[in-house]
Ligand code: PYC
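In the block that follows, a single chain appears as structure tokens, in the form predicted alone.
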């Protein structure tokens, strides 16, 4: 039967699973928080579904569960660099955020570079953490080659997510977070598990032909959103969050991992901007002007991105998170068996 847990109780259970698998406190606490946030906000493709992939990556020796990130030397005051030391990106971000926010308020614009990390989660928790400091944020990272560029026939680009956030005093921030592929790869895997066909236009098979079969799509390639526009943005992310920061691009990640069943290792680029600093000396308060824009959008009957996610969050915080019987059994199995529970 289904099981309902409070958000803190779910986070404790996820953290216990990660510790059982051998992760230290730094890694397990940060990972449990973002996995729980995905489930809390109704983002099933980035919730507890991600635990097995993280443990599989740990078991394969492709990520360090005992890593403790370090602030690294940087040649510019506007660039904060954190060496994840082969661990997951989330604790490295947590370490760099306070200094990033301080520099952004001082300089108007600052960047946080995370190197040598493994990434598996959504980007909106990081964007929201930036907006909590009254700053706008832009976050991006590559992945592993799983997306064919427009006109291509085989995987080359990653799903290459990008997220943006704008602070809104007294209410949830304006946030969007999406892959530059038509959908996140996790959505295709969820369709495969459910035995459901994909919508047309999501993917091609290994021969470069359109397919609605999730298994064929996973063996072939996903497609970029918006055709050549998504392909160009995905390439931009390879350049900015891979080449420019001296880290891996998506094809290089796949060459190292050898499979798409493991969480990808690469780098991450996080930008924080101070609206107050950029608007200084110009007309109007930037936050008040932004609110007028948001009100105009909603006045036409449109919704702002992440509104459904924030509504799901409010319900979860009030009523708890309900897991299916299969999900609850999965958590019990992972806690009981640790790394032995994954291939």
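Residue numbers count along the first chain shown, from 1. What you see is a predicted model; the values in this text were computed from it and never measured.
Form predicted in complex with the named molecule: not shown, discussed below.
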I need to confirm a contact call. Of 191, 103, 185, 81, which residue comes within 4.5 Å of the named molecule in the model of the complex, counting heavy atoms only? 185
Of the options 264, 230, 167, 155, which one has a non-hydrogen atom that comes within 4.5 Å of the named molecule in the model of the complex? 264
Even though the named molecule is not shown here, does residue 249 get within 4.5 Å of it in the model of the complex, heavy atoms only? no
Indicate whether the named molecule has at least one heavy atom within 4.5 Å of a heavy atom of residue 144 in the model of the complex. yes
Hey, in the model of the complex, is residue 40 touching the named molecule, heavy atoms inside 4.5 Å? no
Is there a heavy atom of residue 159 no more than 4.5 Å from a heavy atom of the named molecule in the model of the complex? yes
At 4.5 Å between heavy atoms, only one of the stretches 232-240, 71-79, 109-117, 177-185 reaches the named molecule in the model of the complex; which one is it? 177-185
In the model of the complex, residues of 47-66 near the named molecule [heavy atom within 4.5 Å]: 50
